[in-house]
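Only one chain is included here, represented as structure tokens and corresponding to the form predicted on its own.
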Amino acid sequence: MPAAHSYAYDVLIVGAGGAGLRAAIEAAQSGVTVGLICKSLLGKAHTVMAEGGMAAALANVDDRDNWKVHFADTMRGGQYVNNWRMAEIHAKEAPDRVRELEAYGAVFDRTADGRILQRNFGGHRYPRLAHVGDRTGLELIRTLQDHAIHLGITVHMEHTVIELLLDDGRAAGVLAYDRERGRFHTFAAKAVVLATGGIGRAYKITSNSWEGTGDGHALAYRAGAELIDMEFVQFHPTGMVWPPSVRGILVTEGVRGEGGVLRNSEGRRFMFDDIPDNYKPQTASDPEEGWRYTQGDKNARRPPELLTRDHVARCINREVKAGRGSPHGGVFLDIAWIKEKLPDAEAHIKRKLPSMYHQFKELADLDITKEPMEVGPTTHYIMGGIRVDGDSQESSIRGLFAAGECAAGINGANRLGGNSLSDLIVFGKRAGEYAAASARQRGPVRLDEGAIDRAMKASLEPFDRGGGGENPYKVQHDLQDTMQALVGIVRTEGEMQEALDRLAAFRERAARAGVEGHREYHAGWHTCLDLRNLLDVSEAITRSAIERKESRGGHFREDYPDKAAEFGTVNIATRRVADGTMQVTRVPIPEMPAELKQVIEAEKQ
């Protein structure tokens, strides 16, 4: 069965979010030929949903900020199982990448003297997030997209990759299909960059768009690459909870950065009830000090609403379980209260949080300048992903690079808000740079026609089974319910073992899934193909979470509620072995250089 079209590039980028676009730009500027594949339309990547800003120690608002503080904050937030080299590179290079975006034409909010404005965010000691209102991701994509098109990069829109192709153990391209007609296409490449985003669609309640089905994670895993940190799933504390049609849609941390507070049904500001010991020196002692911090008082400490996301999510979960939640199963996030402090509060909120104002007005008929929002945790981000070299972003498969959410390392056990957007541009740039260098050193690649033919035939099997097969939507629905209930915010050994049993049953059901009709824009067929990826990443999350018998960052074990020293020195890795099963191992974390240890010690107070 021949592919409809065959393409060849020096560097192939899979994914057109912030990381993919930045990688494509860097590779193209180095003079190699570049192809870019995106699952949706160009400009529609999930990056546009990142609202609050990008973290970079520009020190435009607080001159005490610098890369060392940013590095220490990132390591502390990640509970010290981060790839320290990636955290160091990120903290050092993020300011230059943000200024580069400004040179490309990004329109940032400004200080009174014309510099890039920065706002407060959870886990960051100082105001660090460069932002464009609460639409920062949209501006990032607009800017990078314009620059990529200007460079003449070839874009293949609405294509989904279903197989990573190897040549003598090295990445050699991909097999994909176009979603419009359902035709297969091969893409040969001397280097491949995966920038496919997250896995949120494995869960019932998520802020992720429909594309987040773990494609890059699963493609790399099935090709033999190593995944790490898959147990660390971030549940953003504030997603919409009402009405049901919008449950999970993100409510930016910027609301809390601008002074929003969390209250339970009794009206109590419950975040003051539970402040972790390692954050007490940096956390406000009372509401008044917290308010002054959000207004730029350098002598004030941050309010507890701006603690790390994993902690805030668990506190909200605790209030709901204790019967102190909002009517629809969340808690109240109140920004309207600032009218007690500011005479022009309504206009201020609309100016600072325009998207949030319109989101709640249009979707929930609620005016956030007058009423509190109902919010609750939503599956938002996975810290785990493809294990890469900290400098080059190359995976354990030669010629295969990864950047952004599908790569792992920088965030450790928990990502700080705002680190994601700067991660995209810092490591997207590096992935593109090193992929181009790798491609220049490589000769022609050979694609395995037998492997391509087998993959195409396997992909069409749902049509052979027809309408009498399992309903793929029902399989995905049941998978999402299982992951939400058994491998969610709070985990136990027994529940996760039950999840593994269910996942095995879902694999059998997915193998029986069938569809009818033709291949053009066939959402049911697309779901059949997505299921393979969702099942792989769900198993990796579950097995890794069982192996890590402690609580750390985004991973909370009710049966092991404390951190354990033995797990503070390892990453949990998953790999597909020869018989097709998943192997779980502990990988020692390389020792941190003395100078970086000194940075962390110096910034602990």
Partner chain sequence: MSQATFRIWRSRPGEAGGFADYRTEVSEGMVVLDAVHQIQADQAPDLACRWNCKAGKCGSCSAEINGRPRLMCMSRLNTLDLTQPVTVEPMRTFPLIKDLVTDVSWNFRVKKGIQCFQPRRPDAADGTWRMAQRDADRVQEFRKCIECFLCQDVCHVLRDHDKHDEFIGPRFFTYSAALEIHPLDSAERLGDLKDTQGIGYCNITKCCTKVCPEHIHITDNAIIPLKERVVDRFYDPVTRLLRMFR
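Here the structure is a predicted model, which is why all the values come from computation and not from measurement. Positions refer to the first chain, counted from 1.
What follows is about the form predicted in complex with the partner chain, which we do not show.
In summary, the region of this chain contacting the partner chain in the model of the complex, judged by heavy atoms within 4.5 Å and restricted to 67 to 75, 358 to 366, 384 to 392, 318 to 326, corresponds to 358 to 366. This chain is drawn without the partner chain; in the model of the complex, the residue among 342, 347, 149, 458 with a heavy atom within 4.5 Å of it is 149.
Proximity to the partner chain in the model of the complex, defined as a heavy atom within 4.5 Å, holds among 449, 288, 508, 102 only for 102. Contact here is defined as any heavy atom lying within 4.5 Å of the partner chain in the model of the complex, and by that definition each of 41, 135 and 249 is a contact residue. Under a 4.5 angstroms non-hydrogen atom cutoff, the partner chain in the model of the complex has residue 523 among its neighbouring residues. When the partner chain is considered in the model of the complex, residue 32 lies well away from it, no heavy atom lying within 4.5 Å. In the model of the complex, the partner chain lies farther than 4.5 Å from every heavy atom of residue 163.
Contact annotation: residue 278 falls outside 4.5 Å of the partner chain in the model of the complex, judged by heavy atom distances. In the model of the complex, the partner chain lies within 4.5 angstroms of at least one heavy atom of each of the following residues of 191 to 229: 201, 209, 210, 211, in sequence order.
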